[in-house]
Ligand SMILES: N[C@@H](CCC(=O)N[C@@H](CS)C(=O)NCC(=O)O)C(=O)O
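Quick heads-up: it's one chain on its own, the form predicted alone, in structure tokens.
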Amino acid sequence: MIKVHHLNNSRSQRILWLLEELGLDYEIIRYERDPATRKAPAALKAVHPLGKSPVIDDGEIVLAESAAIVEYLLDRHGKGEWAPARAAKTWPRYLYWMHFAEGSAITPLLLRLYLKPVGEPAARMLAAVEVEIKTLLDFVEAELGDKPFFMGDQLTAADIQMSFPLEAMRLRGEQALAYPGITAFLARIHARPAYQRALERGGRYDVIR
């Protein structure tokens, strides 16, 4: 059985979601962030030297990195339903969104996370980061358009990858109104039964609250 080393309020939630969508049996090994530092516990370093989550344990295979885990699971259990064929014209777009999530999208979010506690000395840099986040949101909104998912009508692993950075941007109030496509996308995935099951099994997930 696949074991998921699951850290609360982290990228590992989307791995639980994918496992639920695939209908696979899995075991959750839970880790909690330090309430003061918000860092992962040292116990995760016994699983992987970087001490981060997600990590899956599938027999002799221990694998980290969200996109790598997603591709691994799809290669073995996806039945060709969660990604375009590599020869398809849509494959490059799928590949782009799979890696945009942990490349372009997550970087300014991490910068905002680290700069906010610094206060006034980081104010100028933080303002630049907020401009970059708006630029990213504008871009994603335009790319989604009126499509339900990033690849069109069909949910793919690219949507699962993109869920975390968009949730972490926390669209609320007037900002949500400015991005109706993203807001609708998030509501659409949050309503999926598999997503709801993953939340029930994974526990509290403040990224979407």
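Numbering starts at 1 and runs along the sequence shown. The model shown is predicted, which means the values in this text are computed figures rather than measured ones.
Note that the form predicted together with the ligand isn't included here; everything after this is about it.
Student: Which among 53 to 61, 173 to 181, 23 to 31, 142 to 150 is in contact with the ligand in the predicted complex, heavy atoms within 4.5 angstroms?
Tutor: It is the stretch 53 to 61.
Student: Decide whether residue 102 counts as a contact residue for the ligand in the predicted complex under a heavy atom distance cut-off of 4.5 Å.
Tutor: Answer yes; at least one heavy atom of residue 102 falls within 4.5 Å of the ligand in the predicted complex.
Student: Does at least one non-hydrogen atom of residue 65 fall within 4.5 angstroms of the ligand in the predicted complex?
Tutor: Yes, residue 65 is a contact residue.
Student: Examine residue 4 and determine whether its closest non-hydrogen atom to the ligand in the predicted complex is within 4.5 angstroms.
Tutor: Heavy-atom contact with the ligand at 4.5 Å: absent for residue 4.
Student: Is it the case that residue 70, even though its partner is missing from this view, gets within 4.5 Å of the ligand in the predicted complex, heavy atoms only?
Tutor: No, residue 70 is distant from the partner.
Student: Quick one: name the residues from 1 to 33 with any non-hydrogen atom within 4.5 angstroms of the ligand in the predicted complex.
Tutor: Counting only heavy atoms within 4.5 Å of the ligand in the predicted complex, the contacting residues of 1 to 33 are 7, 10, 11, 14, 33.
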